[in-house]
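Below you will find one chain, with nothing else, as structure tokens; this is the form predicted on its own, and questions on how it binds or moves follow later.
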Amino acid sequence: MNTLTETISETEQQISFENIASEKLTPERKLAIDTFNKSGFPSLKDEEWKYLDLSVLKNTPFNHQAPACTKLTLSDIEKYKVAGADAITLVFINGVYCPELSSQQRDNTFSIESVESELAAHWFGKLAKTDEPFIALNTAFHHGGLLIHIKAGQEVKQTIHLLHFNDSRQEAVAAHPRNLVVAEKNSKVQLIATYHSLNNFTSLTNSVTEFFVGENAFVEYDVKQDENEKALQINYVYAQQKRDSVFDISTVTIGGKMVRNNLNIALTETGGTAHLNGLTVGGKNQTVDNHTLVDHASPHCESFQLYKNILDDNAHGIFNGKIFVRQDAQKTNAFQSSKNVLLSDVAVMNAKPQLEIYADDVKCSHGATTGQLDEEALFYFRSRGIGKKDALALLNYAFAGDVIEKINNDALKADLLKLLAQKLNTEIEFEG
């Protein structure tokens, strides 16, 4: 079996396309893998990756051509449906859409079809370029992703839940989910993506999602990353916003050995608003890296970034956020905040907020704070008979709660609060 490592070795070994149907060996796939073979993986010498050690990913013999849907049943996936009873659930196993496990009843406010359809070709790859090595791999090896197309003037009243599994129970699998979301003019939709792993072996989920947010459209995208200690994830989200549109994304990372989130938001027309929120609760030897870029390309746009990390044990948190304001983007309001709590003496946080501004009539700010919990507040709880473990949990909940509160799905919010309590080792039931 060929491995990803062999692709960048000095041998003549190349990644094989043997499990991809011949009719899908498009020039785009071939070009993408050629691009990857020339660049290889990022290294610690690359500025954008200098805090993230990818050695475990490079040295694992992944099968990145895993078969389609594995043997999961509807009852197997029931406990992972955290978006509410009325949600429309679209199930993906190793990056492949599984209609037999997905909701079949949908209204006419939106449609779904393959990302390899003629319609999807109008948007596919327009934002996510193959000069990024992991995007090149995804472009070469994605299987069975979807275009979710919300029609102009329509509101999708049910939440759309993209339920992702990486099944690495038989071997180490690299899955490459690839989805497109197009929200046409005056439309509204909430989507939730959750990521889970079924592992005996190391897994890699290398996900790319492109959003096209039309004029006066509203899109909320909430991400829950709850994979296990053998799971690696690289997640790219791109969004292009038109006039007076709103794009909100909240990313909550609870599990996974190594997680890298890349968010790229382009405010291409006047009046756009973007909210980027992130919460990481890390412990043991977890590494979670959040990279954001908000490109203010037009005037009268706003963006707000709030990222928080709670790190225990040997956890490593990374935040690299950039606000880019172009010369024509006058009257820009852009704010960025990274706040971090270290619960152990060996946890590490690297924060690098950045502003790059070429317009002169703007309001922009950024900041980062890293420290421990307030000892006076802890003493206050202890003096009222609350044990140290629960006192610490309450303080962390107060710190993290405002990120979870930004999610507009009660079922997901309740699920995340339950997970937060478990991660903080308390039996207190947090309420939103």
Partner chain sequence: MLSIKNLKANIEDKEILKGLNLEINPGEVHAIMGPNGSGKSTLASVLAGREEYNVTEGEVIFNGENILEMAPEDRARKGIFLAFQYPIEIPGVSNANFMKTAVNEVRKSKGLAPLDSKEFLKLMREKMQLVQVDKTMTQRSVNEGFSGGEKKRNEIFQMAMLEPELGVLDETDSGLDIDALRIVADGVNALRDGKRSFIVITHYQRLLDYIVPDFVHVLYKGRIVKSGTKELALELEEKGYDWIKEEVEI
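As the structure is a computational prediction, the values presented were derived from the model and not from experiment. Positions refer to the first chain, counted from 1.
There is also a form predicted in complex with its partner chain; it is not shown, and the following applies to it.
### Partner proximity in the predicted bound form: residue 368 to its partner chain, non-hydrogen atom cutoff 4.5 Å
Close contact is absent here: in the predicted bound form, residue 368 is far from its partner chain, nothing within 4.5 Å, heavy atoms only.
### Task
Answer with yes or no whether residue 69 is in contact with its partner chain in the predicted bound form, where contact means some heavy atom within 4.5 Å.
Outside the cut-off, so no.
### Query
Is the gap between residue 376 and its partner chain in the predicted bound form 4.5 Å or less for some heavy atom pair?
Yes.
### Message
Whether residue 384 contacts its partner chain in the predicted bound form should be assessed with a 4.5 Å heavy atom distance threshold; does it?
### Response
Flag for residue 384 set to yes.
#### Entry: Sole residue of 50, 30, 388, 363 within 4.5 Å of its partner chain in the predicted bound form, by heavy atom
Among 50, 30, 388, 363, a heavy atom within 4.5 Å of its partner chain in the predicted bound form occurs only for 388.
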